[in-house]
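Presented below, as structure tokens, is a lone chain in the form predicted alone.
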């Protein structure tokens, strides 16, 4: 009986070629698994294509709700943004895909799983470390890493075997997308001096073509989770779809970044993340109202570590679970509404309110109603500056001598 392998199938260049290659190279029956995380409009076509190129079974799973609830929103609550720029859209979908690959392999009696990553990218690490954490007994095959074909050779292989592709040598972009964002690389984008051509963008309008009148949106949060737009309660999937459309229509969410890959090289990446960028700004604004100075300072450290763990493929690690426990605690009172202004590609927070706000108008105002005891300031300054004063008296710095 022929052994079975489950391939994470996107329908792009590498996974389309991999179906035929796995059969030729290893004699395996290939079961494709296409996962909907908000990345494909026509999954019927993707399934038919997989069967056409040689899959014995083509499975499609709608994982959008799970992706948003268990991956995207927890990352938002953590404030995790890789290198302060990248909202981690592609990186976030990989542990979910690894989990579903393992589940499908168990259900189908497969002895191995496969992915379409090359040996230069981050995703190979994310998939394989995730699979090792969940099912160390499963064999993992990475066809694109083994065959060593260039992109041009892969396209030629596809043409030779009548494998339809969504790209040509004239349109060589590699694109990955989900509800949290869209990643574009390859082609002219590999030259970091070149401005990204407009045809790489699909979710965001050029700022010059956006409305002349500013747009506003109010986002409601409960325990750090976005739950409403403009007062209307929405589920996570619907909220992201609507906010991607709304913010993208104002040119919000374009990112051009040279980032440090886990494998040790720098890579120029273009991202579109209208909803993610907007939600991150809103969530941070609400936290300034509801977290203390010490909480905010420590959470910035947690956020940076959380982002690195996700980027580096360690979603299922013990440290990530520990950090997630802190985030859960820190979000207890992150409830409220944030108002944002969108205009010509610029996003700004213009209002925020929270039932558990630490902002106290009576203490902050300089006008009538001021409740701050200014007489207490002198004593506070004296005690606060005491160590500095003592050291200055005991260890005076030598005066600079004028040069002769």
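No experiment lies behind these values; they were computed from the predicted model shown. Positions refer to the first chain, counted from 1.
There is another form of this protein, the form predicted together with arginine (ARG), and it is not shown here; the text below is about that form.
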item	value
Any non-hydrogen atom of residue 311 within 4.5 angstroms of arginine (ARG) in the model of the complex	yes
4.5 Å heavy atom contact, residue 175 to arginine (ARG) in the model of the complex	yes
Contact of residue 271 with arginine (ARG) in the model of the complex (heavy atom, 4.5 Å)	yes
Partner proximity in the model of the complex: residue 210 to arginine (ARG), non-hydrogen atom cutoff 4.5 Å	no
Option from 272-280, 330-338, 181-189, 106-114 whose residues, in the model of the complex, bring a heavy atom within 4.5 Å of arginine (ARG)	181-189
The single option of 284, 122, 295, 154 touching arginine (ARG) in the model of the complex, heavy atom within 4.5 Å	122
Listed residue that, although arginine (ARG) is not shown, lies within 4.5 Å of it in the model of the complex (heavy atoms), from 75, 290, 90, 204	90
All of 86, 126 and 259 with a heavy atom within 4.5 Å of arginine (ARG) in the model of the complex	yes
